[in-house]
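Below you'll find only one chain, the form predicted alone, shown as C-alpha coordinates.
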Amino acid sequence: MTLKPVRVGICGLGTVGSGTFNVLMRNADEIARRAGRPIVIEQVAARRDNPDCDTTGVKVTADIFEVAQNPDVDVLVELIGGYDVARELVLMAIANGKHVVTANKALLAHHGKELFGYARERGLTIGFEASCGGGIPIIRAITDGLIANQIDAIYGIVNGTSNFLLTEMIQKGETYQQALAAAQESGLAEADPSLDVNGTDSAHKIAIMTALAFGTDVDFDAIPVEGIDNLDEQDVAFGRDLGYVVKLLAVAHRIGDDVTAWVRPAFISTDHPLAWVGGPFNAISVYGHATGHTLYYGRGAGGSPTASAVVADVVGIGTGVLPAVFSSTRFWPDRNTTGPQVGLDGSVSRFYVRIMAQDRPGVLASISDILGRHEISIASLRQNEQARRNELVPVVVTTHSCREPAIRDAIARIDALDTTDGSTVCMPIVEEHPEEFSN
(Lines give C-alpha, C1' and ligand atoms only; values in the text may rest on other atoms or scores of the structure.)
Protein backbone atom coordinates (compact mmCIF):
# COMPACT_ATOMS: atom_id res chain seq x y z
CA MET A 1 0.00 0.00 0.00
CA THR A 2 1.37 3.38 -1.02
CA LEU A 3 0.93 6.09 1.59
CA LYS A 4 -0.38 9.46 0.52
CA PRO A 5 2.25 12.03 -0.46
CA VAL A 6 3.77 14.55 1.92
CA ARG A 7 2.95 17.91 0.36
CA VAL A 8 5.63 20.54 0.81
CA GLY A 9 5.52 24.32 0.51
CA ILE A 10 8.92 25.99 0.10
CA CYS A 11 9.29 29.64 1.12
CA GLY A 12 12.43 31.16 -0.37
CA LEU A 13 14.30 30.13 -3.52
CA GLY A 14 17.74 31.41 -2.63
CA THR A 15 20.82 29.22 -2.33
CA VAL A 16 19.30 26.72 0.12
CA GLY A 17 15.75 27.03 -1.19
CA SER A 18 16.76 26.30 -4.78
CA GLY A 19 18.98 23.46 -3.56
CA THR A 20 16.04 21.95 -1.66
CA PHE A 21 13.71 22.36 -4.63
CA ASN A 22 16.15 20.67 -7.00
CA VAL A 23 16.99 17.80 -4.62
CA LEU A 24 13.28 17.04 -4.13
CA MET A 25 12.58 17.20 -7.86
CA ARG A 26 15.70 15.42 -9.11
CA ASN A 27 15.68 12.64 -6.50
CA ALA A 28 11.91 12.25 -6.17
CA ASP A 29 11.80 8.54 -7.02
CA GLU A 30 14.70 7.58 -4.73
CA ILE A 31 13.34 9.70 -1.86
CA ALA A 32 9.90 8.11 -2.24
CA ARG A 33 11.45 4.62 -2.25
CA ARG A 34 13.41 5.29 0.91
CA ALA A 35 10.67 7.23 2.72
CA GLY A 36 7.89 4.82 1.78
CA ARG A 37 5.79 7.66 0.43
CA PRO A 38 6.19 10.41 -2.19
CA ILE A 39 7.42 13.86 -1.16
CA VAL A 40 5.91 16.39 -3.57
CA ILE A 41 6.33 20.13 -3.89
CA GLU A 42 2.85 21.63 -3.66
CA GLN A 43 3.75 25.33 -3.75
CA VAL A 44 6.75 27.67 -3.83
CA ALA A 45 6.95 31.26 -2.63
CA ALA A 46 9.73 33.50 -3.92
CA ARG A 47 10.14 37.21 -4.54
CA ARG A 48 11.68 36.53 -7.94
CA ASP A 49 12.20 33.65 -10.37
CA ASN A 50 15.29 31.51 -9.93
CA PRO A 51 16.65 30.35 -13.31
CA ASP A 52 18.20 27.32 -11.62
CA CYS A 53 14.75 25.96 -10.73
CA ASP A 54 12.29 24.58 -13.27
CA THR A 55 8.97 25.31 -11.56
CA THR A 56 6.84 24.04 -14.45
CA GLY A 57 3.73 22.42 -13.00
CA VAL A 58 4.33 23.85 -9.49
CA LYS A 59 2.19 26.58 -7.95
CA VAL A 60 4.32 29.70 -7.52
CA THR A 61 3.49 32.81 -5.52
CA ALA A 62 5.32 35.90 -4.31
CA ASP A 63 3.37 35.78 -1.02
CA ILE A 64 4.99 33.54 1.60
CA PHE A 65 1.93 33.79 3.84
CA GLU A 66 -0.18 32.26 1.08
CA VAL A 67 1.84 29.07 1.52
CA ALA A 68 1.31 29.16 5.28
CA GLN A 69 -2.47 29.26 4.69
CA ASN A 70 -2.62 26.76 1.83
CA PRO A 71 -4.73 23.79 3.04
CA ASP A 72 -2.94 21.51 0.57
CA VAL A 73 0.47 22.02 2.21
CA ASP A 74 1.46 19.59 4.98
CA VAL A 75 5.00 20.85 5.68
CA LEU A 76 6.16 24.44 5.30
CA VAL A 77 9.89 24.80 4.60
CA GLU A 78 11.04 28.22 5.82
CA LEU A 79 14.18 29.37 4.00
CA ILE A 80 13.68 33.15 3.81
CA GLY A 81 16.24 34.09 6.49
CA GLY A 82 16.03 36.81 9.12
CA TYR A 83 13.94 36.35 12.22
CA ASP A 84 11.11 38.86 12.39
CA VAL A 85 9.15 38.03 9.24
CA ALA A 86 10.28 34.41 9.53
CA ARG A 87 8.81 34.20 13.04
CA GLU A 88 5.49 35.54 11.78
CA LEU A 89 5.53 33.03 8.92
CA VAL A 90 6.27 30.03 11.16
CA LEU A 91 3.63 31.03 13.70
CA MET A 92 1.05 31.32 10.92
CA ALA A 93 2.03 27.95 9.46
CA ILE A 94 1.69 26.25 12.84
CA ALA A 95 -1.66 27.99 13.45
CA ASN A 96 -2.82 26.49 10.17
CA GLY A 97 -1.82 22.97 11.20
CA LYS A 98 1.46 22.63 9.33
CA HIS A 99 4.71 21.07 10.42
CA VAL A 100 7.72 23.33 9.82
CA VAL A 101 11.24 22.67 8.60
CA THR A 102 13.80 25.49 8.78
CA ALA A 103 17.49 26.16 8.29
CA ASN A 104 17.17 29.49 10.08
CA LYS A 105 19.58 29.55 13.03
CA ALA A 106 18.92 33.22 13.83
CA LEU A 107 15.19 32.52 14.10
CA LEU A 108 15.70 29.64 16.52
CA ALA A 109 18.42 31.33 18.57
CA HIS A 110 16.10 34.29 19.23
CA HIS A 111 12.63 32.72 19.15
CA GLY A 112 13.14 28.96 19.40
CA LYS A 113 11.61 28.58 22.84
CA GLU A 114 8.39 30.31 21.77
CA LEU A 115 8.12 28.47 18.45
CA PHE A 116 8.88 25.02 19.84
CA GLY A 117 6.34 25.53 22.61
CA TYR A 118 3.63 26.67 20.20
CA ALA A 119 4.27 23.75 17.83
CA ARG A 120 4.05 21.32 20.75
CA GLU A 121 0.74 22.82 21.90
CA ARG A 122 -0.64 22.21 18.41
CA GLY A 123 0.72 18.65 18.15
CA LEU A 124 3.12 19.66 15.40
CA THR A 125 6.87 19.44 14.80
CA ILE A 126 9.71 21.80 13.88
CA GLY A 127 12.65 20.20 12.07
CA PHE A 128 15.88 22.20 12.10
CA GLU A 129 18.75 19.86 11.28
CA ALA A 130 20.04 22.31 8.66
CA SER A 131 20.33 25.19 11.13
CA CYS A 132 23.63 24.35 12.84
CA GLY A 133 25.87 22.37 10.54
CA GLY A 134 24.58 22.55 6.98
CA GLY A 135 24.92 18.98 5.75
CA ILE A 136 26.42 17.73 9.04
CA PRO A 137 23.74 15.81 11.01
CA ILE A 138 24.70 17.31 14.35
CA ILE A 139 21.15 17.84 15.66
CA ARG A 140 20.31 14.16 15.15
CA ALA A 141 23.57 13.20 16.84
CA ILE A 142 22.75 15.25 19.95
CA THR A 143 19.07 14.36 20.17
CA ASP A 144 19.32 10.72 19.14
CA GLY A 145 22.74 9.11 18.77
CA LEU A 146 24.14 10.62 21.99
CA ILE A 147 20.93 10.58 24.02
CA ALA A 148 22.45 8.19 26.60
CA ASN A 149 25.29 10.63 27.34
CA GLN A 150 25.76 13.53 29.64
CA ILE A 151 27.32 16.05 27.27
CA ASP A 152 30.37 17.67 28.82
CA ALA A 153 31.50 19.98 26.01
CA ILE A 154 30.96 21.06 22.42
CA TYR A 155 33.75 22.65 20.37
CA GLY A 156 32.81 23.74 16.89
CA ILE A 157 34.12 25.36 13.75
CA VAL A 158 30.68 26.24 12.43
CA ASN A 159 31.20 29.10 9.98
CA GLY A 160 32.69 28.17 6.63
CA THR A 161 33.38 31.74 5.54
CA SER A 162 35.50 32.54 8.59
CA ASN A 163 37.29 29.21 8.39
CA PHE A 164 38.15 29.84 4.73
CA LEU A 165 39.57 33.27 5.59
CA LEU A 166 41.67 31.88 8.42
CA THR A 167 42.95 29.04 6.23
CA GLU A 168 44.09 31.57 3.63
CA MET A 169 45.81 33.68 6.27
CA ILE A 170 47.52 30.66 7.87
CA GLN A 171 48.57 28.76 4.76
CA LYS A 172 49.26 31.61 2.34
CA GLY A 173 50.23 34.40 4.71
CA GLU A 174 47.52 36.65 3.31
CA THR A 175 46.12 39.65 5.13
CA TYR A 176 42.53 39.55 6.33
CA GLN A 177 41.45 41.86 3.50
CA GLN A 178 43.23 39.75 0.86
CA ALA A 179 41.60 36.58 2.20
CA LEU A 180 38.18 38.25 2.27
CA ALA A 181 38.54 39.40 -1.34
CA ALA A 182 39.40 35.83 -2.38
CA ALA A 183 36.39 34.48 -0.49
CA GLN A 184 34.03 36.98 -2.09
CA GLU A 185 35.42 36.27 -5.54
CA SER A 186 34.87 32.53 -5.11
CA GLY A 187 31.35 33.00 -3.71
CA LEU A 188 32.26 31.83 -0.21
CA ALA A 189 31.60 35.23 1.37
CA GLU A 190 28.70 37.62 0.96
CA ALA A 191 29.21 41.20 -0.21
CA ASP A 192 28.48 42.09 3.42
CA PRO A 193 30.08 39.25 5.43
CA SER A 194 29.46 40.86 8.83
CA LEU A 195 27.35 38.11 10.41
CA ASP A 196 29.92 35.50 9.42
CA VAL A 197 33.14 37.28 10.39
CA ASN A 198 31.91 39.04 13.54
CA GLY A 199 30.91 35.72 15.14
CA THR A 200 27.12 36.24 15.15
CA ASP A 201 26.39 33.30 12.84
CA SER A 202 28.50 30.98 15.01
CA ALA A 203 26.81 32.31 18.15
CA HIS A 204 23.35 31.49 16.75
CA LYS A 205 24.48 27.91 16.16
CA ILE A 206 26.14 27.35 19.53
CA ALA A 207 23.06 28.80 21.25
CA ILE A 208 20.87 26.13 19.65
CA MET A 209 23.30 23.30 20.36
CA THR A 210 23.82 24.43 23.96
CA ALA A 211 20.09 24.37 24.65
CA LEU A 212 19.79 20.84 23.26
CA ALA A 213 22.95 19.35 24.71
CA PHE A 214 22.87 20.81 28.22
CA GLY A 215 19.18 21.45 28.89
CA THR A 216 19.98 25.11 29.47
CA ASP A 217 17.60 27.97 28.78
CA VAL A 218 20.06 29.98 26.70
CA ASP A 219 20.09 33.76 26.75
CA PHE A 220 21.56 34.58 23.35
CA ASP A 221 22.50 38.12 24.36
CA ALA A 222 24.56 36.77 27.26
CA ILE A 223 26.90 34.76 25.00
CA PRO A 224 30.31 36.48 24.73
CA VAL A 225 31.00 36.90 21.01
CA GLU A 226 34.13 38.05 19.23
CA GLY A 227 34.82 37.62 15.53
CA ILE A 228 37.84 37.54 13.26
CA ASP A 229 37.19 40.92 11.63
CA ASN A 230 39.78 42.59 13.88
CA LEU A 231 42.31 39.78 13.72
CA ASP A 232 45.84 40.98 12.94
CA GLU A 233 47.88 38.85 10.57
CA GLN A 234 50.96 39.26 12.76
CA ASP A 235 49.17 37.31 15.51
CA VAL A 236 48.41 34.56 13.01
CA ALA A 237 52.12 34.48 12.11
CA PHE A 238 53.32 34.53 15.73
CA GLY A 239 50.91 31.72 16.57
CA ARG A 240 52.15 29.66 13.64
CA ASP A 241 55.75 30.10 14.83
CA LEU A 242 54.65 28.84 18.26
CA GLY A 243 53.02 25.72 16.77
CA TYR A 244 49.42 26.94 16.82
CA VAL A 245 46.71 27.71 14.29
CA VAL A 246 43.90 30.18 14.92
CA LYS A 247 40.27 29.10 14.51
CA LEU A 248 36.98 30.84 15.18
CA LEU A 249 35.58 28.50 17.81
CA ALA A 250 32.03 28.19 19.08
CA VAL A 251 32.26 26.48 22.46
CA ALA A 252 29.93 25.31 25.21
CA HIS A 253 31.16 23.39 28.22
CA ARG A 254 30.40 22.67 31.84
CA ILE A 255 31.95 24.65 34.68
CA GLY A 256 30.97 22.57 37.69
CA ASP A 257 27.17 22.51 37.68
CA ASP A 258 26.98 25.48 35.32
CA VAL A 259 27.34 25.85 31.56
CA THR A 260 29.14 28.55 29.62
CA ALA A 261 28.99 29.26 25.89
CA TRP A 262 31.17 31.60 23.87
CA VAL A 263 32.44 32.43 20.38
CA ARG A 264 35.89 33.90 19.69
CA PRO A 265 39.14 33.31 17.82
CA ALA A 266 41.39 30.91 19.68
CA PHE A 267 44.72 29.22 19.15
CA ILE A 268 44.82 25.45 19.01
CA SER A 269 47.81 23.17 18.66
CA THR A 270 48.51 21.68 15.24
CA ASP A 271 47.85 18.33 16.94
CA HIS A 272 44.33 19.35 17.99
CA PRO A 273 41.52 17.40 16.22
CA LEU A 274 40.08 20.64 14.79
CA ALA A 275 43.40 22.00 13.50
CA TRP A 276 43.21 20.23 10.13
CA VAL A 277 39.70 21.47 9.32
CA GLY A 278 40.43 23.84 6.45
CA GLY A 279 38.73 25.99 3.83
CA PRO A 280 34.93 26.24 3.99
CA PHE A 281 34.52 22.98 5.92
CA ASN A 282 32.97 22.75 9.39
CA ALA A 283 33.60 20.33 12.23
CA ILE A 284 31.97 19.86 15.63
CA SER A 285 33.53 17.93 18.51
CA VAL A 286 31.12 16.60 21.13
CA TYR A 287 32.37 15.11 24.38
CA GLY A 288 30.03 12.71 26.18
CA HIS A 289 30.61 10.92 29.45
CA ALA A 290 29.98 7.53 27.79
CA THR A 291 31.33 8.01 24.27
CA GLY A 292 34.20 10.35 25.00
CA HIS A 293 35.12 12.44 21.96
CA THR A 294 33.02 12.21 18.79
CA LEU A 295 33.73 14.41 15.75
CA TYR A 296 31.29 15.46 13.02
CA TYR A 297 32.84 16.88 9.84
CA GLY A 298 31.56 18.09 6.50
CA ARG A 299 30.28 21.01 4.49
CA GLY A 300 28.56 23.38 6.86
CA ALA A 301 26.93 25.57 4.22
CA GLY A 302 25.98 25.67 0.55
CA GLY A 303 22.86 24.81 -1.38
CA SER A 304 23.17 21.04 -1.80
CA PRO A 305 24.65 20.09 1.61
CA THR A 306 22.12 22.19 3.52
CA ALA A 307 19.30 20.99 1.27
CA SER A 308 20.25 17.43 2.21
CA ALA A 309 19.52 18.21 5.86
CA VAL A 310 16.28 20.04 5.00
CA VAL A 311 14.99 17.11 2.97
CA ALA A 312 15.99 14.68 5.73
CA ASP A 313 13.74 16.59 8.13
CA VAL A 314 10.86 16.56 5.65
CA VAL A 315 11.25 12.81 5.26
CA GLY A 316 11.55 12.43 9.05
CA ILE A 317 8.21 14.19 9.44
CA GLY A 318 6.65 12.10 6.70
CA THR A 319 7.74 8.82 8.30
CA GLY A 320 6.66 9.93 11.76
CA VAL A 321 10.17 9.56 13.21
CA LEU A 322 10.76 13.25 13.84
CA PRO A 323 7.33 13.94 15.42
CA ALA A 324 7.84 10.98 17.78
CA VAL A 325 11.21 12.32 18.96
CA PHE A 326 9.95 15.89 19.16
CA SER A 327 6.86 15.03 21.19
CA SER A 328 8.36 12.57 23.67
CA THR A 329 11.92 13.65 24.49
CA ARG A 330 12.62 16.36 27.03
CA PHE A 331 15.60 18.39 25.86
CA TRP A 332 13.95 20.96 23.57
CA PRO A 333 14.35 24.68 24.39
CA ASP A 334 10.74 25.11 25.49
CA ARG A 335 11.20 22.30 28.04
CA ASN A 336 14.52 23.47 29.48
CA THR A 337 14.96 24.94 32.91
CA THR A 338 16.07 28.54 33.34
CA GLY A 339 19.88 28.60 33.57
CA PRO A 340 22.42 27.85 34.70
CA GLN A 341 24.19 29.74 31.88
CA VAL A 342 27.22 31.66 33.09
CA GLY A 343 29.82 33.91 31.54
CA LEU A 344 33.55 33.42 31.29
CA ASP A 345 34.47 34.40 34.85
CA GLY A 346 34.77 30.79 35.94
CA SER A 347 36.77 29.70 32.90
CA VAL A 348 40.39 28.57 33.15
CA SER A 349 42.63 28.52 30.08
CA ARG A 350 46.07 29.16 28.72
CA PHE A 351 46.43 32.44 26.83
CA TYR A 352 48.40 34.06 24.03
CA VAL A 353 49.17 37.72 24.80
CA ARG A 354 50.80 40.25 22.44
CA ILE A 355 51.89 43.53 24.00
CA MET A 356 53.23 46.47 22.01
CA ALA A 357 55.88 47.82 24.37
CA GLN A 358 58.87 50.14 24.25
CA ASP A 359 62.23 48.44 23.82
CA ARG A 360 64.01 49.72 26.89
CA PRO A 361 65.30 48.33 30.20
CA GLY A 362 62.75 47.40 32.86
CA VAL A 363 59.75 46.99 30.56
CA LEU A 364 59.73 43.19 30.60
CA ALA A 365 60.23 43.25 34.36
CA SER A 366 57.14 45.45 34.76
CA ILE A 367 55.07 43.14 32.60
CA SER A 368 56.28 40.04 34.43
CA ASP A 369 55.58 41.67 37.78
CA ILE A 370 51.97 42.45 36.83
CA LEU A 371 51.39 38.91 35.60
CA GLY A 372 52.98 37.48 38.72
CA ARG A 373 50.82 39.58 41.04
CA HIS A 374 47.78 38.12 39.25
CA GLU A 375 49.09 34.57 39.76
CA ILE A 376 49.71 34.15 36.03
CA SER A 377 52.69 31.99 35.20
CA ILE A 378 54.59 32.65 31.97
CA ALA A 379 55.08 29.60 29.74
CA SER A 380 57.09 31.40 27.03
CA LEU A 381 58.16 34.94 26.18
CA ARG A 382 59.41 36.32 22.90
CA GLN A 383 60.61 39.80 22.00
CA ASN A 384 61.98 40.62 18.56
CA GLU A 385 65.22 42.56 18.41
CA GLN A 386 64.82 46.23 17.50
CA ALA A 387 67.50 48.56 16.18
CA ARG A 388 66.27 51.79 17.73
CA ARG A 389 65.71 52.12 21.45
CA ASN A 390 62.23 53.11 22.73
CA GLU A 391 60.38 52.00 19.60
CA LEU A 392 57.29 49.87 20.16
CA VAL A 393 57.99 46.20 19.57
CA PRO A 394 55.77 43.14 19.97
CA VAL A 395 56.26 41.17 23.16
CA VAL A 396 54.57 37.79 22.83
CA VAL A 397 53.74 35.86 25.98
CA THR A 398 52.05 32.52 26.39
CA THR A 399 50.76 31.64 29.83
CA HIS A 400 50.11 28.51 31.79
CA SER A 401 46.47 27.94 32.77
CA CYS A 402 44.91 30.83 34.66
CA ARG A 403 41.51 32.28 35.42
CA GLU A 404 39.90 34.47 32.79
CA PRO A 405 39.22 37.43 35.15
CA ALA A 406 42.89 37.40 36.21
CA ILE A 407 44.20 37.73 32.65
CA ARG A 408 41.68 40.46 31.84
CA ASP A 409 42.67 42.50 34.90
CA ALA A 410 46.37 41.99 34.23
CA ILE A 411 46.02 43.20 30.65
CA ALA A 412 44.16 46.30 31.81
CA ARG A 413 47.09 47.11 34.12
CA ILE A 414 49.66 46.38 31.40
CA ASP A 415 47.79 48.65 28.98
CA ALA A 416 47.90 51.43 31.59
CA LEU A 417 51.72 51.42 31.64
CA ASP A 418 53.37 54.42 29.98
CA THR A 419 55.69 51.99 28.16
CA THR A 420 52.90 50.22 26.24
CA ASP A 421 50.44 51.50 23.66
CA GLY A 422 47.27 50.15 25.32
CA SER A 423 46.33 47.73 22.53
CA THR A 424 47.28 44.37 24.00
CA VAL A 425 45.87 41.38 22.15
CA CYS A 426 44.75 38.36 24.18
CA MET A 427 43.46 35.07 22.77
CA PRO A 428 42.80 31.77 24.53
CA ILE A 429 44.91 28.73 23.76
CA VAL A 430 42.40 25.89 23.69
CA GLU A 431 43.59 22.37 24.37
CA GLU A 432 41.65 19.22 23.65
CA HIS A 433 38.89 18.70 26.16
CA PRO A 434 39.62 15.84 28.55
CA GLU A 435 37.56 12.70 28.09
CA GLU A 436 35.83 11.79 31.34
CA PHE A 437 34.29 8.36 31.07
CA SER A 438 31.76 7.18 33.65
CA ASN A 439 31.74 3.50 34.50
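Worth saying up front: this structure is predicted, and the values here are computed from it rather than measured. Position 1 is the first residue in the sequence shown; the rest follow in order.
Not on display, but discussed next: the form predicted together with a small molecule.
inquiry  = The chain here is shown without the small molecule. Which stretch in 75-83, 159-167, 174-182, 229-237 comes within 4.5 angstroms of it in the predicted complex, by heavy atom distance?
reply    = Result for this chain: 159-167.
Partner contact for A301 in the predicted complex: the small molecule, 4.5 angstroms, heavy atom = Heavy-atom contact with the small molecule at 4.5 Å: present for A301.
inquiry  = Is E129 near the small molecule? Define near as a heavy atom within 4.5 Å, in the predicted complex.
reply    = Contact check for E129: no, nothing within 4.5 Å of the small molecule in the predicted complex.
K247: touches the small molecule in the predicted complex, heavy atom cutoff 4.5 angstroms = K247: no contact with the small molecule in the predicted complex.
request  = Although the small molecule is absent from this view, report whether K105 comes within 4.5 Å of it in the predicted complex, heavy atoms only.
outcome  = Residue-level check for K105: yes, a contact with the small molecule.
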